[in-house]
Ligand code: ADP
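Just one chain is shown here, as structure tokens, and it is the form predicted on its own.
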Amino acid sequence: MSTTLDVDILCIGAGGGAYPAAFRLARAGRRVVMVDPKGVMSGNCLAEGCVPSKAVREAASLWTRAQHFARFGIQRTPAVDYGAVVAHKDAVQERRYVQHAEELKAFGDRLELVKGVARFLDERRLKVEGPNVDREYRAKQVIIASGADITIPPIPGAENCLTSRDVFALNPSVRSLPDPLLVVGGGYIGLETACFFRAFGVKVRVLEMTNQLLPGFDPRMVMELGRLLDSEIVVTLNAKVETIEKTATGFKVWYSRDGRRESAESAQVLIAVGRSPVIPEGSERIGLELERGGIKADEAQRTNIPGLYACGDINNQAPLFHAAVRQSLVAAANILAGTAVDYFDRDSVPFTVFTLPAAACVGATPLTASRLGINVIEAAASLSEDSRAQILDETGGEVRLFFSSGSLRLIGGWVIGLDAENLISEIGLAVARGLTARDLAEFPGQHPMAAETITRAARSLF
């Protein structure tokens, strides 16, 4: 028989959209329960996303750089030990799980993590079922942070293919290089993974259904990045995959393009067509409003039902771990205040495509600004003139900044090439704080680091 427990806050999920709020609320004396089917903290980011994929990415980046500088007499290794790369990735995940467990333990009985699945019985009552739990909870507030899951398209044979989970999960099924590899989907997950494996010597082909890689990103940025990617990654655009057949040697993928039916064969196929929000059972029955496949929330992270908040991938505002963390803290502040006192600013959230090299953007681009009637002044600096890029012999790419005409307030920017993943946070902070071209131009960016390229770009306007 199930029992009922009263708590102050119940978090559906234990990832970036949940545990920062849970920590803050527990520190404030609230009784908090997190419910997550994994039974561990950090959600999909640590389980199969950001952290493990970037562990592999950094290994691929260092491998590429080491091979480049082998001309100095450094011994060139004939082939990468991909099993060792996976072991490193696994070790990072395990270390962080231990770290999170210690963080959780410090809260004592104010914060509990329950392994299970939560479903709404009504607006404040939830049923939680799991391996060791069958219980009803009554909560004063609920934070819905159930995240997103891999989308498997309705393509015959797709169920037999690899996904990012097979590559990046702890103790993954892929422990040797899948060569050759065909990637279905040219979004950031598919393109990043294609770059990692290509760096390790795998023959890679990407099929993208739309007319550009990275659909949804500014076409100018994508075009500039495309010139810097490994030219041996074969990309086919406007390719709609129709069926995937198993063969004696792997797979045969049939797709249509320009009215013709074509095929490609590969040892392995990776499906990477995106992720979809995981809507808790009972959400629609209690009247939660949905939007674009997720739960609708405002900038204060409030849903249409008072006392229910939605944070992270579930609300589709910015499907990124660091955005989820910020949203989680916004929800916590508003719960503690009893009213909206904090708001999420989606316009200053940086987004990096961790290809080799990377491309990163934040805020508005001229394309998005024009739709809002904002006149833009651009400032740019090429990495070909940057000292750090010259030192590392990685001179492709640029820093490009977008300012509102008149005020010259920074409204967005992108970085393509060396250190893009780091530089974009500096630009994002400037966007969030409303800095101007003059502010950036007068700041002494450190030499010889690529960050001084931001200063140099802004100085070009004066």
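Predicted, not measured: the structure shown is a model, and the values here were computed from it. For every residue, the number given is its place in the sequence shown, counted from 1.
Just so you know, the form predicted in complex with adenosine-5'-diphosphate exists too; it's not on screen, but the next bit is about it.
Student: Any chance Arg409, Gly412 and Ala458 all have a heavy atom within 4.5 Å of adenosine-5'-diphosphate in the model of the complex?
Tutor: No, none of Arg409, Gly412 and Ala458 comes within 4.5 Å of adenosine-5'-diphosphate in the model of the complex.
Student: When adenosine-5'-diphosphate is placed as it is in the model of the complex, which of 398 to 406, 430 to 438, 56 to 64, 35 to 43 ends up with heavy atoms within 4.5 Å of it?
Tutor: Only one stretch passes the 4.5 Å heavy-atom test: 35 to 43.
Student: Can Gly116 be called a contact residue for adenosine-5'-diphosphate in the model of the complex at 4.5 Å between heavy atoms?
Tutor: Because a heavy atom of Gly116 falls inside 4.5 Å of adenosine-5'-diphosphate in the model of the complex, the answer is yes.
Student: Would Ala324 sit within 4.5 Å of adenosine-5'-diphosphate in the model of the complex, counting heavy atoms only?
Tutor: Ala324 belongs to the contact set for adenosine-5'-diphosphate.
Student: Report whether the minimum heavy atom distance between Ser146 and adenosine-5'-diphosphate in the model of the complex is within 4.5 Å.
Tutor: Yes, contact at 4.5 Å.
Student: Considering only heavy atoms, tell me if Ala331 and adenosine-5'-diphosphate come within 4.5 Å of each other in the model of the complex.
Tutor: Outside the cut-off, so no.
Student: Sort through Val273, Ile155, Val85, Val278 and report the residue having a heavy atom within 4.5 Å of adenosine-5'-diphosphate in the model of the complex.
Tutor: For this set of options, the contacting one is Val278.
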